Structures are given as C-alpha cells and as structure tokens.
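Quick setup: the structure tokens below cover two forms of a single protein chain, split into structure 1 and structure 2.
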Structure 1
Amino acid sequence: MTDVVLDVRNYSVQLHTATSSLTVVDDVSWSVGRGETLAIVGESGSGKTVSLMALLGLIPEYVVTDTAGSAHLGARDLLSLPESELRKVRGAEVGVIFQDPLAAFNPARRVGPQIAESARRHLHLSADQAKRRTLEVMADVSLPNPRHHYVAYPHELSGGMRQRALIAMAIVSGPSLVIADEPTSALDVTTQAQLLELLKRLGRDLNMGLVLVSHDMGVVAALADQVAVMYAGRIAEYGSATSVLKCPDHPYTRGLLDSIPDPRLPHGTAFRALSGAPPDLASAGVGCRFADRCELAVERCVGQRPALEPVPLAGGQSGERQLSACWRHPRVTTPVSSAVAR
C-alpha cells in the first residue's frame, strides 16, 4: 500500500463505567490506504464500533474512556487531538456513516439543507455554492431526483434513499476517509447490495479510504481489499481479503466462514455455525480469548497471548500479506468450501 490515509498502531480503549473498567479494544493495529476498502469484521460485541467511535471522539460523554497507542491521519494523531480539532476532522476529513440515518439527520429539517450546511461549514462555500455542491453529490449517490429529495424531510425518504442521503452528507466535503459502521444492516438484501456497491465505487472514484464495519462475511467478501477479523477486542487475523478468505489461518476466521450458508449446496443442507459465545471481557484470561471455543486449543493457548504474526505459507510459496494471532497456525492449503471463497 503506498498512500496510507489512516494508520492505527497499538491502539487500546478502556471504558470505565460505575461498576467496572474494561479494555474493550486491546492493542490493535491496522491501516487503510486511498482507494482501498478495509473491512473490520467480527461477532457482535467484539469492539468494532467502540474502536472507531473512540478514534473520532464519538463515545458518549458519560462513558469515561482511556485510549492508548496512535492513529495517524496524515501527520496528525487523532488520539492526541483536542475535541475542538477532532470536531473539524469529523465531517471535513473523515465522513461517518452509521446504521441508522434517522438518528444522523434532524427529523424536523429538510434533508438537502442539512447536507449543504456540512458543505458550507467544511468547504467555506456560499449558500448557493453549497446547494449546487449538494445537488451534485446527491446525484453522485444515485438519488434519482436530487431536486425533489433536497426538499424532502428525512421521514419522507425510504430507508435506502435515506442511507444514500447520509452517504452524500459523509462525502460532501471531499473527505480522505469514510468510516461506515454496519451501514446497511437495517435494509433489505437488494438495497444492501446496491448501497455497498455504491460505497465501494465512491471510495475508488474519489480516492478515499473506506473502513467498513460488518458482522457479515458475505459483505466483506464482496467489497474488501483488506480484512481485519476482530475477536473480543483483539485482531485475530489481518491481511488481504483474497488470502484471508481463501485460506484463513485463525480458527475463528474459519469458523465465521464456515457459518455462511453456501448457495451452491442443495436447499436444506446444514452448515456449521460457530458454537459458544465470545468471553466476558471482565473475566477473560491472559491467553488466547478464543480458547474456550477452539477445537485446536492446547495448554499454551490459555496461558500466553499469541502475537499477530505472518502466517507461515505452505511449500515456501510467497503470498499476499496475512497475519494471524494463533499459536498453532493451522492454515491449510486447500481453500475453504465456503460461499465466499474467491
């Protein structure tokens, strides 16, 4: 990767509540380049949302948060910026897309002016210029009738249209990075596919980095250039989507892939779901956090944390970058039979 947009290194997040202090993101590193899509994938509760929200200063104020490590957006470390600077970064340099666009828009105001306001604020445009820019971007996100949608209220748009409007708001200032957290999971499958394709195209056309959070391996397989698989606050496996999805090393990645029904199999064929549930972080031990669900676990797995390190490749072949945090590196040379292998 040549032109890195965001470089996250040894990043941890601790949340303090009235009753406990939990390290919900534990020493993770990843980066995303211009025109590239990084998917962060993992079951619910693995720390995907917290890791991104804490980077952008979006954790609710009542939750006391400590962060460690660094997250460089260009020359600046997001983790050491004061809130006033971080606010400028959000919207101007980093666009954020959440699952629920209704929560992002003010329900009492028309959609277009809300997008235009972001353009005015961040690009220092006049009212007319901001409106023109907004209409252009509304067309870019394939809203079929930008002038009509400009004056609509959020509730007057369908879920898919609202999400397109939110994408327009995220990109109107020409950010170098867009972060999309489960942006389509509330939508039907066809609309999901269209929107994800749109995000991918915009990322490439506008030369932005795209960080896409998902719990859906099918989405990841369709869109990602790089994949970071998160489990219980740590990265289990990381690397090019082609190698991670075709030849996963970490038993958790393999479990996620095996959980996907394969459309090529006869209807009714059972698929292997991942059994068990992620550990309670408050009582998780020092070793591999997947140990109590892992068929390959040995004593060492429980006592020592496996480092994220390059996966040994079979037969000395040189492959694309692939890192895995597993003592046993069970990567096999035969591709998984899953629907997403590509």
Structure 2
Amino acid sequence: MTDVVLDVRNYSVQLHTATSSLTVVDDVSWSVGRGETLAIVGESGSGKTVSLMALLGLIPEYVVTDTAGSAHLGARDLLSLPESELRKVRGAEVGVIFQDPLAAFNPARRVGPQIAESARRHLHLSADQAKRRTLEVMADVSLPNPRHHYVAYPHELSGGMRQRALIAMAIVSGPSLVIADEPTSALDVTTQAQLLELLKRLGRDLNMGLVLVSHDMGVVAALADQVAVMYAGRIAEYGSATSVLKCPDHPYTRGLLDSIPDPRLPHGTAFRALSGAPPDLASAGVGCRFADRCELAVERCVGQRPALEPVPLAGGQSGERQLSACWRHPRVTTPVSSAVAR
C-alpha cells in the first residue's frame, strides 16, 4: 500500500474496573491508505468500535483504559499523544461519523453553526469564512437547500439528512482520515444505498482514508477495499475485500457470510445462523476464541493461539492479500453461497 494514512501495529486495549481488568482488543494490526476504505466487521461486542474510539481518546472519562502497541498517523503515534494534542487531531486530521447523528449534535443549537464551529477551530477561519465553507460542504454531501438546513435544528431533519450533516461535520476541516461507526445502521434501505454511494464518492474525490465499522456484510461488500474481520477482540481474517468475501479462509468469516439470507434460494430454505455466542472475555482461553463455535476445531485450536498468517488465494489471484488466524486453514476454493459475495 502506498501513502498510508494510519498504520496500527500490535495494538491492544485494556479496560479496568475496581475488581478486574479486561483485554477487549488483543494485539491487532491493520493499515489504511488515502482513497482506500478499510471495513472492520464482526458481531456486536467484537471490539470494533472500542478499538477506534480508544485510538482517539473518545472512551468515556469514567472508564479507565490502557493501550499498547502503536498507531501512526503520519509520523505521530496517536497512542503516545497527550489529550491536548489529541484534541487537535480530532476533527482537523481525523473526522468521525457516529452511529447516532441525533445524539452527535447539540439539540439546542442549529445544525450549520455546529458544523462551522469545527471549521473555525481547525482551519482558523472567520465566522463568515466558516459559514461559506460549511455551506459548500453541505452541498458536497448532497444536503438539499443548504441555506435552509444551515439554520435548522437537528430534530427538524430526517434521519438521512442528519447523517449527511454529520458527514459534513466530519469532513469540513479536510481530514486525511474519516472513521465511520455503523453510519447507515438506523436508516432505510434506499437512504442507506445513497449514503454508501456518497461515502464512496467522498473518499475518492477527497483522497482520504475511510475506516468503516460495520456488522453488515452487504454494506462492507458495497464499500470496502480491505476487510478486517474481528472476533472477541482479535482479528480472525484480514485482506482485500475481493478475496475475503469471495473466498474466506477462516470459519468465522464463512459463517458470517453464510448467515446472510440469499433471495435466490427456494422458499422454505432453512436460515443458516452461526451457532452459539461470542465468549466472555473475562474467561476466554488462550487458544482460538472461535473454537467452541467451530465445526473444524481440534485440540490445538483450544490450547494454542493461531497466528495471523498468509493463506493461498483462490484461482491464482495476483496483487491480492489475505491473512487468516486459523490452525486448520480450510483453504476454501469455491465461492461462498451468500449473494453478498456476488
């Protein structure tokens, strides 16, 4: 990859309570470049969101957190920056699109001035300049009638328009990286498709990196260039979206893909859901954390942690990259059954 925006290496996150400590992100590594989208995907509780929020110092103040490893944004390691420096990074160099846009805006203030505030702070613009910049960006994200919505309150916008306004806030200062946490999960299918196309266009036109957090493999297939599949705080599989979605090696990845309903299957076909539930991290063993849900598991899977290592690519693909943390390495050479891979 050329022109890497963010390079995360051997990154771990521990959360502490009065009685115990919990490693919720366990030695993960990934990177994202300009104009590229990395999707971090997995079930709820897999560590997707907390891994990114901890990078930016956005874990709630009452939660005691320790991090290890490195996360280089250019020449600076985010994990070693004090809070005063992280405040300068957030918004200016890294934009964030939160899952709930209504909660992200102050309900007592108009939408436009909240976006303009970020432009004033990070771009050092006057009030008039910040307003002009905000109106330009509101138009860029296809928010209709920007001048009208500039003076609207958050509750006066529809869910889709609020999400567009939040995207405008994330990019108004021209960041090199945007983190999107389940940005379309609360929207209807039509609006979701429009926003996915918008995010894809913005990433390309603004030449910025995009890290997408999602549990929706359809969203991932539509947007991602690279995919990191997380399970119980670890990366199970990582590589190009083409190779991971069409030819998964890790049984967990295949399980996620096979659980997606395929409209082409005959009526009455049984739904293929992943059996079991993610482990309790407080009592997780040393081996593969998917072992107790995996049909291929053997004794080694329980007793030893598999390394994330390269796997052969299906069909002799070149220029692709695929890593998998599995002792068995099924080396699937036929496409998955789910329509998402198509």
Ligand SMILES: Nc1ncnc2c1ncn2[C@@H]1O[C@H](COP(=O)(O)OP(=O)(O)O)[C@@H](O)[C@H]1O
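Here, rigid core means the biggest group of C-alpha atoms that superpose within 1.5 Å across both forms. Quick caveat: nothing in here was measured; it's all calculated off a predicted structure. FYI, numbering is relative to structure 1, first residue = 1.
**Q** Which of these two, 1 or 2, is the form predicted in complex with the named molecule?
**A** Answer to the question: structure 1 is the form predicted in complex with the named molecule, whereas structure 2 comes from elsewhere.
**Q** Rigid core superposed, CA of residue 10 - does it shift 2 Å or more between the two structures?
**A** Residue 10: C-alpha displaced by less than 2 Å between the two structures.
**Q** Can you give the CA shift of residue 20 between the two structures, in Å, with the two forms fit on their core?
**A** With the cores aligned, its C-alpha sits 2.3 Å away.
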